[in-house]
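Starting off, we have a lone chain in the form predicted on its own, written out as structure tokens.
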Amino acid sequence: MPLVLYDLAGADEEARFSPYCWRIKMALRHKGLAWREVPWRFTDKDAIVFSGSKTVPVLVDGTRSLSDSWTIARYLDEHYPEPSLLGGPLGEAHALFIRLWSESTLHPLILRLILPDLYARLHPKDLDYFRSSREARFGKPLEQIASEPSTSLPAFRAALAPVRSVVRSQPYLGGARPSFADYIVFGALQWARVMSPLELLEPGDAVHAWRDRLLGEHDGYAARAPICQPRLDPSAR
């Protein structure tokens, strides 16, 4: 039986945008595994209560359910070892650093840049939850969390300096082929690509070329992802 993945959807059910889910979808393609997707939204907590998680990704493999992208990646390497995602203990330690750096540095910068576009593309039933949860996290109204691209986009691009330095000298963070470390950073960029028209990367940037290589990986799987169209005026409250 194919695996089942609960995957975060926008107002358009086909537009899937979670950076954490993108990590796992790229990992599944990396492994050559088949899976069935179940579209999920922030307020669909009951649909995944069986997993013990309140967030996605949730992966179901037979009678076993797993949540958290890091846990899932390690599970996939243990149960479907070839080709490896993490590359053993040393690769796992490397990917852990990339994960923590991406989540603490890249994700907040991206969220502030795409927040109005993201909010405009959520399903209406998720709007109140998204507003209240993000305002509680940041301690300020949603409108004050967003940043002006003219001032914050350079800071985001500067934050990519470690990735840029690596992919100038080799095709991927994982070397000649992508690894889970690549999928972690790529997932963050794909989040923005699906939910916002703002181009985060400049043409000619080594990171732009690296992202394009990953868009083309696995028969262009990520490049074919539907782009979510706005269902709300971005200024809607």
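Numbering starts at 1 and follows the sequence shown. Here the structure is a predicted model, which means the values were calculated and not measured.
Keep in mind that the form predicted in complex with another copy of the chain is missing from the display, and what follows is about it.
*asked:* The chain here is shown without another copy of the chain. Which stretch in 143-151, 156-164, 130-138, 114-122 comes within 4.5 angstroms of it in the predicted bound form, by heavy atom distance?
replied: Comparing against another copy of the chain in the predicted bound form, the contact stretch is 156-164.
*asked:* Check for me: heavy atom within 4.5 Å of another copy of the chain in the predicted bound form, for each of 4, 67 and 72, yes or no.
replied: Answer is no for this spot.
*Identify, from the list 59, 27, 194, 181, the residue with a heavy atom within 4.5 Å of another copy of the chain in the predicted bound form.*
Residue within 4.5 Å of the partner: 181.
*Although another copy of the chain is absent from this view, report whether residue 39 comes within 4.5 Å of it in the predicted bound form, heavy atoms only.*
Close contact is absent here: in the predicted bound form, residue 39 is far from another copy of the chain, nothing within 4.5 Å, heavy atoms only.
_If we define contact as a non-hydrogen atom of the residue within 4.5 angstroms of the partner, is residue 169 a contact of another copy of the chain in the predicted bound form?_
Yes, contact at 4.5 Å.
*Any chance residue 98 has a heavy atom within 4.5 Å of another copy of the chain in the predicted bound form?*
Answer yes; at least one heavy atom of residue 98 falls within 4.5 Å of another copy of the chain in the predicted bound form.
*Is there a non-hydrogen atom of residue 85 within 4.5 angstroms of a non-hydrogen atom of another copy of the chain in the predicted bound form?*
Heavy-atom contact with another copy of the chain at 4.5 Å: present for residue 85.
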